[in-house]
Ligand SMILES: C[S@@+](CC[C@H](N)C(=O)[O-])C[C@H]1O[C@@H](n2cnc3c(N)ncnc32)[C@H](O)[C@@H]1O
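Next up: a single chain in structure tokens, the form predicted on its own.
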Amino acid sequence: MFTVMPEDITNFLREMMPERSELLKSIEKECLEEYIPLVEPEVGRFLQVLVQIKRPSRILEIGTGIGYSSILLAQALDENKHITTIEIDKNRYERACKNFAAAGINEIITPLWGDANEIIPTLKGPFDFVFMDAAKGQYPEFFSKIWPLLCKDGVLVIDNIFLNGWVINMTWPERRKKTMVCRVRKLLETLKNHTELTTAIVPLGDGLSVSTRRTLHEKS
């Protein structure tokens, strides 16, 4: 995994984090062994801080994996709040559901199995916090469908926007990755120039973009 931070700083950030639960450690181990994507621990902690600042009522997550980030988000929520999370891979979806039960968060989470591009238009908004961590080449399409569901003052967080550093330098190791890199870069340009968003790039893990929605009369 590419990281913009020097290794010693990343290690220090992780040392400054509280101990994670045995369930989360177990999920981390599974993902590492099976090459299943998951957020870096320091990114997960940052997400929790954002959630506790924003105090969202409804969270939408695109890309459940086996439930790691969903559990982190749920741990940061107040009571009577809810998460909807979408995963396209059936095996990962089923494993995530088991992990949600083990974490005791079934009552506040709705896991959905299927293609996010097909599911998102069926959802009823608004959502006040959206976390996107799925197929990078589909980020622009996800954004166009999520946008109508994001409420005013809503927060949109997108993971892996550096794509191993390829997006920074606009290079790619093989031709088939060019489309993905160009699409992510195009989305970042869209976020930068969007009249209803204020966006910052956060150099944690493989890069995060954090955007807040504002009305047209508000100035950045």
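Note that the coordinates shown come from a computational prediction; the quantities given were computed from them, not determined experimentally. Note that residue numbering follows the sequence shown and begins at 1.
Omitted from view is the form predicted together with the ligand, to which the following refers.
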{"query": "Contacting member of V184, V39, V51, I158, with respect to the ligand in the predicted bound form [4.5 Å, heavy atom]", "finding": "V39"}
{"query": "Selected contact from L123, A135, A102, I146, since only one has a non-hydrogen atom within 4.5 angstroms of the ligand in the predicted bound form", "finding": "A135"}
{"query": "N117 within 4.5 Å of the ligand in the predicted bound form, heavy atoms", "finding": "yes"}
{"query": "Any non-hydrogen atom of A76 within 4.5 angstroms of the ligand in the predicted bound form", "finding": "no"}
{"query": "4.5 Å heavy atom contact, E94 to the ligand in the predicted bound form", "finding": "no"}
{"query": "Proximity of I86 to the ligand in the predicted bound form, heavy atoms at 4.5 Å", "finding": "yes"}
{"query": "Segment assignment from 76 to 84, 146 to 154, 103 to 111, 126 to 134: heavy atom within 4.5 Å of the ligand in the predicted bound form", "finding": "126 to 134"}
